[in-house]
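A lone chain, given as structure tokens: the form predicted on its own.
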């Protein structure tokens, strides 16, 4: 049996294991080690298992993951995010569908601190959805807006998924993170525009909110939320101007968050304990999955399958757009069934050599990958963010209503994807200036 055949069989077995709900980390690692054993023998397999986990975890850029997670947990438990929705509401509620638009804006700001789509959807869902339902907003719009806007945590820096992508693609982590800024803002604007247009055409979706809000109230609420955007801008700005690497910016961001929360008298033993425990749990989960993906990439390299696929695609002389369309179909279909990190780590060992052979920019493709994963977070039947929102609203809104509500946002995301594919400079503008 040739090594390429072993690689193909390994991918098939891996997909089968994931289909029957074998934990992603175990599936990735076990298939990789067994495949290495078949191709190179027991000694090589044991050598990989003994050496590669340390080499991967000890990667300097990987230190950014726990630091960004810690920054988000301290900001949340320390109360820096509590006034985000209120601030967005006071400034945006007068627009058509203003509360839903405000929810989108608040999710975007929260995502910039947490870097987690699930955390964003869960936190904002508890605040924004009851408020929208109280004002008789359409339940599908109310729940769909938060479920979809929560996915912005995957793209707007600091994004944990983007850090992992950059490490596996061997591109600059700082440039990859900064590349997500404009596409993330564009995604939020596209969501808000779609909501406003729908509610303008059909006011019954979102009855107007009659409130007497003065400009003094609007400016006063900004005094409560200013530390968070300043913190995020400091982290992104330090990477953009080259003062800090991504890891140093992450550590500095975590330290600044502790200092800000302490100055606001929100730092106590409970906040520290909850933040650290949550960060450790999240980091351990992510690193185990990422380690499995790292082993898979090493096994794929030994099998020669990625190089073979790249050679075949290169020989077909396909236009780069067909390659991107093919990748889009693969990611969106997998997103219906698998976890975001698992999808990325499963596909990158094969995708990256194909992209390099086609001379496509890997940072630009990283932005597209994150957009694909965002869509997967709300796509039935598995859409994780939808189930997070369902757990928040309980029996008050049926699951089918939430899925119907997010369909408008999926269509909007596809339009955004078309724009990002058609105009790569949107994603590459800031990274190119950094060079």
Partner chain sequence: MGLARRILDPVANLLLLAAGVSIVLMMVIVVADAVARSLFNGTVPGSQELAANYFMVAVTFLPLACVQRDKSHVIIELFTGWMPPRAVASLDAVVYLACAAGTLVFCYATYFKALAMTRAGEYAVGTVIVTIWPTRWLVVAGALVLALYLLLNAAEEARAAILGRPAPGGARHGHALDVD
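Numbering follows the first chain given and starts at 1. No experiment lies behind these values; they were computed from the predicted model shown. Between two forms, the rigid core is defined as the largest C-alpha subset superposing within 1.5 Å.
Below, we turn to the form predicted together with its partner chain, even though it does not appear here.
Shown without its partner, this chain lists 406, 370, 67, 377 as candidates; in the predicted bound form, only 67 has a non-hydrogen atom within 4.5 angstroms of its partner chain. For the residues 119, 188, 261, 289, the 4.5 Å heavy atom test against its partner chain in the predicted bound form is passed only by 289. Taken together, the three residues 255, 281 and 387 all lie with some non-hydrogen atom within 4.5 angstroms of its partner chain in the predicted bound form.
In short, of 319 to 327, 195 to 203, 245 to 253, 144 to 152 it is 245 to 253 that has heavy atoms within 4.5 Å of its partner chain in the predicted bound form. Of the heavy atoms in residue 31, none are within 4.5 Å of its partner chain in the predicted bound form.
Shown alone here, residue 24 lies within 4.5 Å of its partner chain in the predicted bound form, counting heavy atoms only.
When contacts are judged by a 4.5 Å heavy atom cut-off, residue 62 counts as touching its partner chain in the predicted bound form.
Among heavy atoms of residue 285, some come within 4.5 Å of its partner chain in the predicted bound form. With the core held fixed, residue 76 shows a CA shift of 2 Å or greater between the shown form and the other one. Superposed on the core, the two forms barely differ at residue 137: its CA moves less than 2 Å between the shown form and the other one. Relative to the superposed rigid core, the position of the CA of residue 421 differs between the shown form and the other one by less than 2 Å. Compared with the form shown here, the Cα atoms of residue 179 and residue 245 sit 3 Å or more farther apart in the predicted bound form. The pair residue 72 and residue 176 separates in the predicted bound form: their C-alpha atoms are at least 3 Å more distant from each other than in the form depicted.
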